[in-house]
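First, one chain by itself in structure tokens, the form predicted on its own.
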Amino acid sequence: MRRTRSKSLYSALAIVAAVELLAAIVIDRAQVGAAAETGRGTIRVVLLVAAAVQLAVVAWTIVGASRAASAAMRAVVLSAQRSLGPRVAARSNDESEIAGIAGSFSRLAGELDTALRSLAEERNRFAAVLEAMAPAVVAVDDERRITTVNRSARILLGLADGVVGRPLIEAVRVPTLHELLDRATARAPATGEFTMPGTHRQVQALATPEPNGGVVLVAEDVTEIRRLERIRSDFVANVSHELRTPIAVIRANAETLLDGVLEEPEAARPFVEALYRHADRIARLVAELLDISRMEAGRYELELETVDVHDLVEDVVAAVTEDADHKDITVDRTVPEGVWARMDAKAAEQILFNLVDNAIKYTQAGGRVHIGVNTENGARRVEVRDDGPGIDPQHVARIFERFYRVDAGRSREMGGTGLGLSIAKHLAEAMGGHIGYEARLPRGSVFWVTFASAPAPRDG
């Protein structure tokens, strides 16, 4: 279009210049050859002719340029129609290219506005999903600056507000995490696990590279999963160990009896007693494992009723008196009558017996065990206090786990299975209560269990 317009302009200018030159020559001759009135008339005619030619040339130039511009505009309209599709078809009765362009760009603006609204909705939806995700998500660019972070990441990694745009190494100082990102930038996903500084939280992370050189990090707190895996592993090992010892004793004694001792009643009796003792231990172990399994599956049936805590404590003390007297241990209690609680009497007695029995076992001869009760926050709290060696703080978090023993050798010597406290915890929680441990100063332990408080039952 520019070349055509330039050529037309150059041609018009050349013609105009020629006409002006011709007029100058005629004027010059008229001035030299005649001074009369006739000469003046000739000059006027020539000037009029020159002006007419100039006007014609200018008009011709304008028409040519207009046609070139019209062709260019028509090409723009057709290009816009091809880009936007059939929805932007030209109007059938409108021959104006300007109107066509205006309509096309108006429709283009509408399409762009719709696309922008759609993108905004998608962005808001993505942000909502990202914030609701349980795993932590952090995205960094090719310079390791944080571009995206969700709520879970701020909590798990301890990120402060306003971290977007900051280098990740300034926000999270965990070498293992940055090594993970280094491996991910090699265009292959990388996984790793690390411990958050200053905590015991185990974090498992997956780093995935992006085409633009950035990395998306997805992390999750696996502390509880690792704890359960450790408990499961310990459980299998402990069950195997607990069964191996009595089975080995039963097998050895049975072989001894079969080798001829069975024919000598006096000599055979100790072996038979050992068989019975270890078989009973296996039976108790299996029964307790089944109880725990039923409790965890919610199939352990409880019959809740209103019970006087005083009567419960008296029954337990009566059951442990022989063992306490054997070690010269004093068991006293300060539990008044009329302290009522909602519980399953049999389950509650099993819990309390376990706590008092353990206190007697681990208290030195001549020691003292005390049972008391108080009311707090609408619950009856029964406490068993002893003046034994207490429990080292490193063991406190695991004492209610299955088979966990603070002193494994001593526990086995006393005939325990390592399941008593675990069963007590399950029973207490099944009745809506809680169980726990506190250190007693200057020495000793305090185990406690809570039951829901209840009003005194009505007579009749």
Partner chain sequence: MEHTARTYEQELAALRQSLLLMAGRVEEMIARSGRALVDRDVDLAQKTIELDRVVNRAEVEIDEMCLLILAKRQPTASDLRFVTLAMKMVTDLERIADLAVNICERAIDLSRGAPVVMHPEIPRMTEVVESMVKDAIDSFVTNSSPKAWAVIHRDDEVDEMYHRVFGDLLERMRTDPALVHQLIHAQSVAKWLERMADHSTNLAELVIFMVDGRDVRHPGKRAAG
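Residue numbers count along the first chain shown, from 1. Model, not experiment: these values are computed from the prediction.
There is also a form predicted in complex with the partner chain; it is not shown, and the following applies to it.
* If we take heavy atoms and a 4.5 Å cut-off, which stretch out of 378-386, 328-336, 174-182, 106-114 is in contact with the partner chain in the model of the complex? -> Comparing against the partner chain in the model of the complex, the contact stretch is 174-182.
* **the partner chain in the model of the complex reached by all of I169, T195 and Q394, non-hydrogen atom within 4.5 Å** => Checking in the model of the complex: I169, T195 and Q394 are all within 4.5 Å of the partner chain.
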